[in-house]
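One chain follows as structure tokens, the form predicted alone.
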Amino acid sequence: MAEHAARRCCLGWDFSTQQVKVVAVDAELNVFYEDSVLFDRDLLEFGTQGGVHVHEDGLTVTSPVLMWVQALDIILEKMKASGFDFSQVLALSGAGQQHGSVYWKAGASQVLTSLSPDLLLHEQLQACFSIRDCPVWMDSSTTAQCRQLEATVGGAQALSCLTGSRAYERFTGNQIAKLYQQNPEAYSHTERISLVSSFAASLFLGSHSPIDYSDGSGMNLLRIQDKVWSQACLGACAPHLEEKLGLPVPSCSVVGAISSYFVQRYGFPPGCKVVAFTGDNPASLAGMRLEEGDIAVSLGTSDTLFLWLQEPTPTLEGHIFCNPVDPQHYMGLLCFKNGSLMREKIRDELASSSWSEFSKALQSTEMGNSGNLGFYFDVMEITPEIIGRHRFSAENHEVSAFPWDVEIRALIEGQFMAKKIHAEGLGYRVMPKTKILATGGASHNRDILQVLADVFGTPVYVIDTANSACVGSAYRAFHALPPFCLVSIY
């Protein structure tokens, strides 16, 4: 019996830009199974590059919705062939690439409720979408719709206060507005609009799954304070939009039991619960087990900050989302383009392309850099919108260069000071129990992490987040189970 109980698990799914991935996590929070399907490698017939289609204008970026469905079929069949025991799955949840949208054609709900276990999903859902290639987060073709939305509600700051972000081209409300304006017939034939996350949940439910608060707050449509759709924003985007979106739900909601299709074809238990799917960034916050006051810093090609916030202050930079773990709190997200590529450039220019020499510069200069300060943006930055290298001496005079070791410390301190300033702008405050969880390439450099700890005045820990969205989804599935099934997660 003990061995049998040890196999009880939750599944975490991730429908990301380039792949669909799954992990199985047991009651001790150990990952004991994982698999993935890479779109470019395993589904060549869809002709994607990096999981997407970039259109001729260079701005429109889409993905085939049936590719995602077929990827799910492939993984489930692989799991079945490997002998995976689906009967032990207590619950499942998942993540989807944020901001992408899926358009279910009128009549799709009837198909979802009457799926035949003798056929694969993609064979039965061929005619269920009014748009076969769906806009994803990489799309930047909706500038006109963004300006229209901001004008409707009184400007960019007013929209940010309302929805957590100013208007962004990739955000779903603006994508819906473009579809309605350019293809009104397809819009009129759409019975339901899903995010990638709620679309994936719908496949498991066998009915349209609601959008959760956390992923819903990446649409420029959800009022983040009272967590209902903004009527002004809906009206600015398209008619009858509220009925096509359905009512949003808390991110920890059990949205239903798994579809009989999965019970009959794969052997899931009828009582297996489907917990609301959310966005990949909120799911990663759950996967890293952030708590109030914590920060996660991903030091990669771009640098990204995840913040747990209690009282957010929306601004024109960064994003406020509803918290996927605690519905009373929020999460902040900040992204900086000039991350590791900028660090590598300075390393190559000043430290003989050697991280060892780079570290020596940090070790030989003092904290605070004797008042010398630098900000380095070789590509147009997101937060804030600025480009160029800017150096200031202790006397607050702009200078053209620093000594090589001062330059290196100025780069690293400047990067982390900017992160702290913008985090505080969103409402973040360092607390006595605050910790920073660092991941990404630069997190392997202890001297860089020491500067991070010095700037924020809090301890830094290194974590592996390779599967954070997947694992976070499995944690969220456990978290939504009745108390007698709960394990200590957060």
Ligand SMILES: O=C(CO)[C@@H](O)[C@H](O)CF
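Numbers for residues come from their place in the sequence shown, where the first is 1. Computed from a predicted model, the values in this text were never measured in an experiment.
The next section is about a form of this same protein that is not shown, the form predicted together with the ligand.
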Which of 382-390, 259-267, 342-350, 95-103 sits within 4.5 Å of the ligand in the model of the complex, heavy atom basis = 95-103
Going by a heavy atom distance of 4.5 Å, is K273 a contact of the ligand in the model of the complex?
-> no
Contact label in the model of the complex: W137 to the ligand, heavy atom within 4.5 Å = yes
Is there any non-hydrogen atom of N467 lying within 4.5 Å of the ligand in the model of the complex?
-> no
Using heavy atoms and a 4.5 Å limit, would one call L333 a contact residue for the ligand in the model of the complex?
-> yes
Tell me, which of R170, H208, K419, R166 has a heavy atom within 4.5 angstroms of the ligand in the model of the complex?
-> R170
Among S160, S130, Q415, N281, which has any heavy atom within 4.5 Å of the ligand in the model of the complex?
-> N281
